[in-house]
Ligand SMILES: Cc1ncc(COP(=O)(O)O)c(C=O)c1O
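A single chain, nothing else alongside it, follows as structure tokens in the form predicted on its own.
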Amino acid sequence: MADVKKLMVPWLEGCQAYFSEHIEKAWEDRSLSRMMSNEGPMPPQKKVLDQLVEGAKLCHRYPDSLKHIKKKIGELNSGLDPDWVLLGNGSTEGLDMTMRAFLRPGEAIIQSNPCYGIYSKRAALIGADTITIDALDGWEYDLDSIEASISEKVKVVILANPNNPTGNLTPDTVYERLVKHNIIVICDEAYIEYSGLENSKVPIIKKNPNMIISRTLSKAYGLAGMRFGYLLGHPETIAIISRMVMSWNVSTISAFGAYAALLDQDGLREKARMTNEGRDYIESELSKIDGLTVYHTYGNYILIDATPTGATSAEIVNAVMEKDGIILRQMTPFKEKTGLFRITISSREENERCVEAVKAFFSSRS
């Protein structure tokens, strides 16, 4: 019998398939409030649902190259031409294709800590290493240390705007300095719509072919389960990454739904408005608890540090789940901060329940 493990490429040793325990738990018990995965709380607008149905009627046909969607995305982003756009099965596929196009086994990416955990996982699957640079105490990127870590081995630097889980926007100067190096610079803008596209780094990619922006419809558009994302970049760069595209990687259903969502900018703005209203409420209420630091966010999530209270993130998250049926996100300790947890902004009702649950937890400790 063949030993398939010996046939496996060696850099897969130690890699595991992606698995989200809290999402599994939420699907197993749908009565739980999902305030942990940065999903949108509202179902798709009727315009989108109608087009998802229309797409389903045509599932016996392969989709085309979806130039009409690329054109619309370009229009929404300072009038970029369609050849500046690459579509994917969520922004994660776009990030994966970019890494596969520019990374070899033994080379490296640089990321900042804390950040989205998928970056290093996708690099590892190519056999590439990850260099992680801790953020500064105010969650700003430590740009000096990042630049000092760039070597011949480093081919990609990836920094988000705004960052997850910290919620802070990134100044233009960060990317303007990085693009001067002979590397690929990825700007992950999964949450940019909450603060507005005026905070996007599109003007920088227009001048720098070695910079790419990744986006998704999973967050502000509220279509996480539909799986649709895209990259923005110089046509020459997009053409290189396009060589990695799997045939028909965007389904007919997703294409119909995505186009309808992109056309409905009023619906997007309303979802962003409701989320930002919920953000302001949660930030205001939880800031009243002694010992909590509530970090202002430009995403649909709020990072909170309870370290001064003596409570750990595990204690908080487990208590709120067991007593109130609300799933929050436990964060890995950062430096001396052992009480970090993250709340996904949800509906008004769930936001209010969550605030009361967190208040009750800390009241019980006083």
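Throughout, we count residues from 1 along the sequence that is shown. Here the structure is a predicted model, which is why all the values come from computation and not from measurement.
The form predicted together with the named molecule is left out here; the points below concern that form.
### Message
Only one of 283 to 291, 104 to 112, 190 to 198, 173 to 181 has heavy atoms within 4.5 Å of the named molecule in the predicted complex; I'd like to know which.
### Response
Going by heavy atoms within 4.5 Å, the stretch is 190 to 198.
### Query
Among 120, 208, 218, 254, which has any heavy atom within 4.5 Å of the named molecule in the predicted complex?
When the named molecule is considered in the predicted complex, the option within 4.5 Å is 218.
### Message
Please tell me which of 267, 90, 167, 222 lies within 4.5 Å of the named molecule in the predicted complex, judged by heavy atoms.
### Response
In short, 90.
### Message
Check residue 259 for me: does it contact the named molecule in the predicted complex (non-hydrogen atoms, 4.5 angstroms)?
### Response
Answer no; every heavy atom of residue 259 is more than 4.5 Å from the named molecule in the predicted complex.
### Task
Although the named molecule is absent from this view, report whether residue 155 comes within 4.5 Å of it in the predicted complex, heavy atoms only.
Because no heavy atom of residue 155 falls inside 4.5 Å of the named molecule in the predicted complex, the answer is no.
### Message
So in the predicted complex, is the named molecule close enough to residue 227 to count as touching (4.5 Å, heavy atoms)?
### Response
Residue-level check for residue 227: yes, a contact with the named molecule.
#### Entry: Contact test in the predicted complex: residue 116 vs the named molecule, heavy atoms, 4.5 Å
So residue 116 counts as contacting the named molecule.
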